[in-house]
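Heads up, what comes next is one protein chain in two forms, each shown on its own as structure tokens, labelled structure 1 and structure 2.
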Structure 1
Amino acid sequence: MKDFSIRLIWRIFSGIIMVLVVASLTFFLVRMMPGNPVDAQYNQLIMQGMTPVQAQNQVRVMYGFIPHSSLASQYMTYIANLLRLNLGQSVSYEGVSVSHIILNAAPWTLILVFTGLVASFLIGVLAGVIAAIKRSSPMGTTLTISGSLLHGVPQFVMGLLLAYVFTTLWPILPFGAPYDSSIAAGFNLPFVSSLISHAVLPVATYALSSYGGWLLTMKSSVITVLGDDFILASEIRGLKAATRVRYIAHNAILPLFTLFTLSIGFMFGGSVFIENIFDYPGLGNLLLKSIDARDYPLMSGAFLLITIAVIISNIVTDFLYSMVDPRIRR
């Protein structure tokens, strides 16, 4: 227990250091970008009629530091604001804090990407086990071909294809916007039904795009495990088929378990193409708009959220993996 606590504290400490390193890199990258967006914003405010003091204060609110001060001073102010969870104000959403915008967009990405990720993982892993065990049968061949075909289709092609089939050819599902705007938002049946029906196509796009990767990886992993000595020993001992399948699945899923937990961290990056096609107001769409509008405070906040999510998922993966596979603790 003592070793576990020390290891946990060390991992959290190293995670905080990593976040500060990434935040520092983001700060200096913004400052080194062509045209210097901080000075450009300051000059734009001056041209809009603000006094130099007013423009400095406005830029300080947006970016978290005072322009024209020394780089060291700007950096220290930026880190101090960051430790207080003050990410500044958005340039494109005037007067709105970056934290507020990101927190509003995050749930939409969670609905879309997390649901699609879990669905594709469960279906892909199950299909991968069947494809490996039945690899010499028509069923195994069909599953493998389906995984290879879907894995090779880009997300935006899959999204456009599903949108054309189910909203134009057979118009049975809604397209665009996360819900019907004519329905009052709230925890009521019409609104929840609208949310679900509008989420079907984006979630299906993500799930179908990811399904092939899980299937092919699981199939490869299962085939590798099938050649291990303990599987041959279990057959010689006459263990039941269900028990052998449990042994195979437990050992074969370990590499996929790592990929799955890391994918949960990366999901906060959103799925840019899917959210853009279906007009979903998630983090991917937000990041795309912030780049288009050169909204650097919002870009920095989005990158920071993705970094923190990936680091946390790495820490969780490290500890869960050692619980799933006791050999890691040796």
Structure 2
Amino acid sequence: MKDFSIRLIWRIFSGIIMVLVVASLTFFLVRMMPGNPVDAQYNQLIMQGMTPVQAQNQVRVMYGFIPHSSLASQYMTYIANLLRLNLGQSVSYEGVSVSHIILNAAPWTLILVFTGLVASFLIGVLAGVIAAIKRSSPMGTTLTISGSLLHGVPQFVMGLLLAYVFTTLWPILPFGAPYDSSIAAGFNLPFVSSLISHAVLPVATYALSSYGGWLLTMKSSVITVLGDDFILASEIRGLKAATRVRYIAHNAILPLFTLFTLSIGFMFGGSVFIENIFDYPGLGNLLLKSIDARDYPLMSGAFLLITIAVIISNIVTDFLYSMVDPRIRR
């Protein structure tokens, strides 16, 4: 137990270091950009009739540091602000704090990808077990081929195809918004059903493009387990086929469990294409829009949150895995 907490503290500490490294990276990236966006913003505010002091203060609020001071002191103010969870203000949404905007966008991504992830995981793992056990039969081959093909198709191709088929060719689903804007937002049946019907295609895109990966990984994991001695032993002991399948699945799913928790972290940044195609107001879309609008404080904020999600899920994965897999537990 003492070991456990020391390891946890160490992992959290190195996670924080990692966040600081990524934050520094984006800081220097923005400073290095051609046309220096910080100076450009400052000059633009002067042109709008602000005094140099006012403009300097405004830029400081936006980017989290004072323009025209030394690079080292700019960097120190930026990091100090960051540690106080102050990510500055957005340039394109005037006067709104970056943290407010990204926290509003995060749930959209979370719900979209989490639903897709769970659906594809359940179906993919089940299909993977079948594909491995029946790998010499036509059914197993068909499953494997479906997995390889779906795994191979890039997410944006999948999204565009689904969108075309179900919104233009056979228009049964809506497209291009998170919900019907003519319905008053709130917790009522028409609004909720509009939310759901608009989410079907993005979720399906995510689920279909990750299904193949789960299937193939589960299949190869099951095949590895099939060669283990305890399976042979259970066969010799004359255990029922259903029991044997349970043994196999139980042992084969462990490596996938790690991948699953890792995917939860990556899902914040993993739906850039889907959010872009279906105009879903999540983090990926926010990142793209901030680049389009040259809104660099928002860009660094969104990118930072995407990274933090991955770091946290890495730590969680590490510890959950040592709890689930008795071979690693000490």
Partner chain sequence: MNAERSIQSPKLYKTAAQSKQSFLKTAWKAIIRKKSRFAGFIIILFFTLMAIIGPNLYPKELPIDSNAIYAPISWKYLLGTDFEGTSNLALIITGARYVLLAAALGALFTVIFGTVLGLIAGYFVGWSDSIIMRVTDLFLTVPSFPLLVVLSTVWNFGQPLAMGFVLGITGWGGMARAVRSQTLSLRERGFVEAAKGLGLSPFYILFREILPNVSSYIGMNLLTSITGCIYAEVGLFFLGVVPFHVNNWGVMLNMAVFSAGAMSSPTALPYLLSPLLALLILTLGIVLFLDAIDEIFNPRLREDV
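This is a predicted model, so every value here is computed, not measured. Structure 1's sequence is the ruler for residue numbers, which start at 1. C-alpha atoms forming the largest set that superposes within 1.5 Å between two forms make up the rigid core.
**Q** Between the two structures, is it 1 or 2 that corresponds to the form predicted together with its partner chain?
**A** Looking at both copies of the chain, structure 2 is the one that matches the description.
**Q** M76: CA shift of at least 2 Å between the two structures after core fit?
**A** It does, since the M76 C-alpha is displaced 2 Å or more between the two structures after the core fit.
**Q** Going by C-alpha fits of the two rigid parts, what is the rotation of the smaller one between the two structures, in degrees?
**A** So the smaller part swings through 9 degrees relative to the larger one.
**Q** Core overlaid, I9 C-alpha shift between the two structures, how many Å?
**A** Taking the core as reference, the C-alpha of I9 is shifted 3.2 Å.
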